[in-house]
Structures are given as C-alpha cells and as structure tokens.
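One chain follows as structure tokens, the form predicted on its own.
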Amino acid sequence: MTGFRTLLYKEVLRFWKVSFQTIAAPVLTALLYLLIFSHVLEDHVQVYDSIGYAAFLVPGLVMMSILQNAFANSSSSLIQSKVTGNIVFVLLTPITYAEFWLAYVLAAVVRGMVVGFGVLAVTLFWDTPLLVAPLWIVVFALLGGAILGTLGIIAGVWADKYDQLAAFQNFIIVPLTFLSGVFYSIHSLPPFWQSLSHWNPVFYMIDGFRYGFFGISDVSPWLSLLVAGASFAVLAGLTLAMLKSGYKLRS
C-alpha cells in the first residue's frame, strides 16, 4: 500500500472501530431533533406548499450531520495525534502534504456520508422524502463533507489542546450549522437576518442539498454550488499552504 492509501485506511479505521460513538450517537442525536421539532411544530409551521414540516426537516438534519461529523473526524484525529505525540509517525513518512490533506478529507467525507445515510435511513419511518434531483444531493453532500473536513484540518493544525478545538467548534461550527436554515426557511426571518444568512456559506450547502429532495430552495442551486465551490477552493488552498509550510506541525 502507498503512504496515501495507508493513511486513508488508518483514518477510516480510526472512526469505524468506535462506530457506536462516531456513527450511532450522531444518528440518535439527529433523530431526537426530528422527534422534538416535528412533534412541536408540525401543525404550526408550513415552509413550502405541499411539503410537511417533518419532511422539510429531514434534508437539513441529514446535511447538518454530514457537515458536523466530517469536521469532527479530521479535527479530532489531528488534535489527538498532536497531544499524544504520534503525529511524528505520519510526518516522517514519505508522503506529500497534498496526499496528507486528501487522506484526511476523504476519511472525513466517508464518516459524514455514513452518518448522513444513517440519519436518512431512520427518518424514513416518519416521512419518505422526495428525490427530485438525486445528482444535486450527491454533489452537495460530497462537497459539504469535503469543505468541513478541510476546515477540520485547519482547526486541528491550529489548536494546541482540546479546549481550543472545542472553542473553535462551539463558537464557529455549531453557530454556522444551526443558523443555516436547517430548521427553518430564511424567508421566515426579518430582512436583516435574511441578509445576514446570505453571508453564511453553510446556508448554501444545506439549501442546495434540500433542493435535490424537493426541487425547491430559498436561492438558486447554481448560486449555492458556486458559493460552496468557491469556499472549498479557498479553504483547500489555505490548508495546503499551512501543511506545506509545516505550520504548528514541523515548526
């Protein structure tokens, strides 16, 4: 096996060995969100015509699970390796910084997709979602997982201890995902908050993903794809530059 394939295998095996914690627990969390919010708001909220609130929630919860778990996979792996000191065994291998980045991102995408599929599977007991444009679903799921997996690498490289990583997640990742239209349409917000939501790149990932289910979205899916693609390009370039310089890894 090449260094890249070995590192990818190691990263996938790392979360798969504790799948009860890394896969089953996030699926249960998303299921609880669906149970509580659909029970409380089903009869009071109508986002789109002919689409019930529970059905509206499903794509948002699936995408939120993909994003959060993709970030958690790469960030937790790096900070754990740095704290325990075994990151040196990865850095000493004949592997390029691009392969290093790609292995961590692909493993993050795999975990995000597995969790997302699990969430979608359990929500079928409540509502069978439409699949108007399956290709859009796959594109935004993969792109969203890659973006948050890359952001997880940035957080893992930057953080020196667990509480710094927790602060990054609690003050950046959680607000971005929760305030991105998972539980509501931005058209239900006051004008100021609608405008502010358009500056949140996670909104475009979730909105484009939801379009694949219903063929309805708050903004054009092509605009969402453009914003998500640009976000990925910027974050990937920044991450590769950090890894190439050895920032907080080799220096």
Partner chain sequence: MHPAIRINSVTKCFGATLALAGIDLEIAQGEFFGLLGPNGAGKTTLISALAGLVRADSGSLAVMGHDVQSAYRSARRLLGVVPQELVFDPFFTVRETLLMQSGYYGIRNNAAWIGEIIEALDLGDKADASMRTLSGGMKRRVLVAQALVHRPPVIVLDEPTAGVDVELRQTLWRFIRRLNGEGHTIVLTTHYLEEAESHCGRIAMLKQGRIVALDTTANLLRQFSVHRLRLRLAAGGELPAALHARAVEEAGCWVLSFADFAEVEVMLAQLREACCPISEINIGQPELEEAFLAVMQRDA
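Bear in mind that the values here come from a model prediction, so they are computed numbers and not experimental data. Residue numbers count along the first chain shown, from 1.
Keep in mind that the form predicted together with the partner chain is not shown, yet the notes after this line are about it.
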Notebook entry, point to check: Using 4.5 Å between non-hydrogen atoms, is residue 13 touching the partner chain in the model of the complex?
Noted result: yes
Notebook entry, point to check: Going by a heavy atom distance of 4.5 Å, is residue 94 a contact of the partner chain in the model of the complex?
Noted result: yes
Margin query: Would you classify residue 233 as touching the partner chain in the model of the complex, given a 4.5 Å non-hydrogen atom cut-off?
Written below: no
Next item on the list: Considering only heavy atoms, tell me if residue 164 and the partner chain come within 4.5 Å of each other in the model of the complex.
Entry: no
Next item on the list: Given that the partner is absent here, state which listed stretch (154 to 162, 118 to 126, 105 to 113, 78 to 86) has heavy atoms within 4.5 Å of the partner chain in the model of the complex.
Entry: 78 to 86
Checklist line | Three-residue site 2, 6 and 249 fully in contact with the partner chain in the model of the complex at 4.5 Å by heavy atom | finding: yes
Note to self: By the heavy atom within 4.5 Å rule, which residue out of 137, 173, 143, 90 makes contact with the partner chain in the model of the complex?
What the structure shows: 90
Next item on the list: Residue by residue through 233 to 247, tell me which have a non-hydrogen atom within 4.5 angstroms of the partner chain in the model of the complex.
Entry: 244, 245, 246
